[in-house]
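Okay, so here's just one chain, in structure tokens, the form predicted on its own.
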């Protein structure tokens, strides 16, 4: 059953702040195999003009995808999470994520469509630091696969 188009434009409350730690950045960089020293060495980061280590570009996926969970869990929307797969992801940065940042995410449903029985939901996550500065916008495409016929 197609999702309700009236949900397009719905914005969910900001998430509680997520504090970005050096160790989390290091672990993420290691997990994705990125050896750039600005991700693990504060002095290397400072040499490139950063106040502390910065996170790899896809680091914010973990907090923006979690924030998109507000959309997924919205009982009024009726998305069947047991059928959801991650369809796409993109980011537009205002500045790098830095160790010590306290970030919140505000999720908005940008589009809902049905294609071949699949429900597709595009969620925009606006990430701000505790001073209100925009850090990054993340777009997540969720695909709820069509139910298999018996």
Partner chain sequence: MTAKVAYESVEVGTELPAQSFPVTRATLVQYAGASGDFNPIHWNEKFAREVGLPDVIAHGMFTMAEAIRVVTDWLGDPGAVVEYGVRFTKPVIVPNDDDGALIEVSAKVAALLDDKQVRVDLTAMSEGKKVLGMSRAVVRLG
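Residue numbers count along the first chain shown, from 1. Please read all numbers here as calculations on a predicted model, not as lab measurements.
The same protein also has a form predicted in complex with its partner chain, omitted here; what follows describes it.
Contact check for 69, 106 and 142: none of the three has a heavy atom within 4.5 Å of its partner chain in the model of the complex. Its partner chain in the model of the complex is approached by residue 57, whose closest heavy atom lies within 4.5 angstroms of it. For the chain shown alone, residue 30 is a contact residue for its partner chain in the model of the complex, at least one non-hydrogen atom being within 4.5 angstroms. Of the heavy atoms in residue 50, some are within 4.5 Å of its partner chain in the model of the complex. Residue contact with its partner chain in the model of the complex: residue 86 places a heavy atom within 4.5 Å of it. The partner is not shown here, but in the model of the complex the stretch 74-97 reaches within 4.5 angstroms of its partner chain through a heavy atom at 86, 87, 88, 89, 90, 91, 92, 93, 95, 96.
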